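Okay, so we've got the same protein chain twice, two forms, each given alone as structure tokens, structure 1 and structure 2.
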Structure 1
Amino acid sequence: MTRKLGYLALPLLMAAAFTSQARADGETIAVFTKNQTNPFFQTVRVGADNMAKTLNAKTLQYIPTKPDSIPEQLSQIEDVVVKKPSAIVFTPVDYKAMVPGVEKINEAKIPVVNITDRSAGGKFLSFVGADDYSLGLETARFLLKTLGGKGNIVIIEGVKGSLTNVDRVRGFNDALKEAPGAKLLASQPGNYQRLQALQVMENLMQSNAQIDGVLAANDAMAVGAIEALDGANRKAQVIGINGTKEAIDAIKSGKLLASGDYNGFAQGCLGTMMAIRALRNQPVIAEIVLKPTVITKDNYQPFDVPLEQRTCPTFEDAGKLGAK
């Protein structure tokens, strides 16, 4: 599948294979997200609900009670195959480990759209996500520019081996290579969890007398790092990724330097839109990769809008949002 946008024949053929007949409305869309602890996924779910309501469909949310649990998401797939929703919008908790689960969904002939983390296998109507490498690269560049291209830096990673973490940390490290005056002190996982990041940051501060910058692979961990810094009465510039409400509030108060916008609301909207359009035998876009935006104190205003007051993109907007 290429990254070229367009009203592609392949998704239409897949939709036709998956659905025996077009539906007018009232479809049930099962939305799979990774956890209830990362505010990003709440943003995705609100976007999905918003789009479903707009198109007179409804959602059924599947969320592991244990964050990012592979066994639990596999069990949820067993459940959804039995319940046979009209379509599925799917974020794998692990892009490799969940491939057998996706194959079960395919065997059950339930159409499925992949969002956020790109699955390593399986058949999908469409992919909607962001360029994690660019998100990492651009947010890290902003931090290093703020620090004058120098200083002691630590990276707090997400889940080791997860595709989002691999790409974001690769972007962080490439930005560091561009700043020879900066020194990477440590790169440790916080598993995308706020409390774990707080504990990682506390340990890093005990072994490093001077930390100037923190590159966190998501906003929840960035907030955890800030709490650790506050607890130790120390200062450092911190960036995150996701553009969550919590991050916007922290940027406004001066606690957080910046957040790479991952546009989870649009991902939820567009993933659900593509699923419903395919069910209604309407054209879909095979791949939408959203551009990164670094949210700072100078440009946060458009992002400082409650989720409930946001409006989903139109189909025409979708093409523009994902265009290179």
Structure 2
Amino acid sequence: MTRKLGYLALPLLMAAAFTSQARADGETIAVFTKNQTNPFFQTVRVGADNMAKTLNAKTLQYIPTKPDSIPEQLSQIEDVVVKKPSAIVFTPVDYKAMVPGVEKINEAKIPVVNITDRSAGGKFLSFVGADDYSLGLETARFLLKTLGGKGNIVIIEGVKGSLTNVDRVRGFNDALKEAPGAKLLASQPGNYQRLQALQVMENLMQSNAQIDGVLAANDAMAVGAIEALDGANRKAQVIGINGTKEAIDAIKSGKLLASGDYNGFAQGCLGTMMAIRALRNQPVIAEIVLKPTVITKDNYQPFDVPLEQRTCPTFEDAGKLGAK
């Protein structure tokens, strides 16, 4: 048994020996994302691959088979520490629970960049992410501006207590406070699920004769709400968050008012860029919090390009993209 394990470990050790040699390019970057189900992380992965290719490095993708599984990501970290990639680009499946995992990476002295969800602990070269609060705030402000600062509004929340949902909904509510003419009718959970959002919207339409605006904490729920409105032959302005392909299509066809771009592609690009730059002893930016972009019918064109054909921002752009 131990001999067998020894044989297994041999190629790994050889790989580790090769990768630990100082080289100008050909680095291996391990990219950790949360799941295979949310289209957002697909954009992150394509962005990371794109940047690695441009810089003549390569990526290894680590994705839990069970979405957002804490134990699975932890064991993937254990695997990667043995495998010793040149650097890691890391999205924690849970910003608190994965801290011991990050500490393992730190102990193994593998350089690591944090993207998307800010880890509650551990040492990182750099953080690249979007700001959920300002995404909520800016999309809601846009909706209220479109409605002339008044009207009956409902909020469809994501998973209660999740980091993204808390901040997005806080942003929605703060924008509503700025518009005294607008009335919040209800704030109900759709758990980021299309079907649940559709049913919540159907129920809310029963008790509210007039709904003018819907603030959904992600695009799938926004589209679910639109299906419910269509089914009842009613109209309301709906916004979502994430800037998925589906949302862009809905904006194009005039069904969705706007979506807040969570900018997964840029997060993947820039996280990988920072990791590779650090390996090559080039300066990195310690923190990039991407400015929220509200995608509307006036500016959707750059987002209506297949992911594979998009180009990563340059290092010079990176400085400008950050809000902080």
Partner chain sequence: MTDITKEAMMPPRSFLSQDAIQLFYRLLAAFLICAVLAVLSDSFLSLGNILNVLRQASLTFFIASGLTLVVLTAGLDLSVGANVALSACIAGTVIHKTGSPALGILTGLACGGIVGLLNGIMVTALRIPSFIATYGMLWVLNGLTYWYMAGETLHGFPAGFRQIGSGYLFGLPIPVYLLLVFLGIGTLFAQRTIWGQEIYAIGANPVAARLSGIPVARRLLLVYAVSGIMAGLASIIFLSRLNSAEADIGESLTLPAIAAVLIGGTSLFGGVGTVFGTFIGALILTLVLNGMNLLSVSANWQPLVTGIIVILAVWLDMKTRRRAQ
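C-alpha atoms forming the largest set that superposes within 1.5 Å between two forms make up the rigid core. This one's a predicted model, so the numbers in the text were calculated from it and none came from an experiment. Residues are numbered by position in structure 1's sequence, first residue being 1.
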Practice problem: Return 1 or 2 according to which structure is the form predicted alone. | Solution: 1
Exercise. Align both forms on the core first, then report whether residue 180 has a C-alpha shift of 2 Å or more between the two structures.
Key: yes
Practice problem: Examine residue 255 after superposing the rigid core and state whether its CA is displaced by 2 Å or more between the two structures. | Solution: yes
Quiz item: Once the two forms are fit on the core, has residue 157 moved its CA by at least 2 Å between the two structures?
Solution: yes
Practice problem: For residue 140, tell me the Cα shift between the two structures once the rigid core is superposed, in Å to one decimal. | Solution: 2.6
Quiz item: For residue 224, what C-alpha shift in Å results between the two structures following superposition on the rigid core?
Solution: 4.6
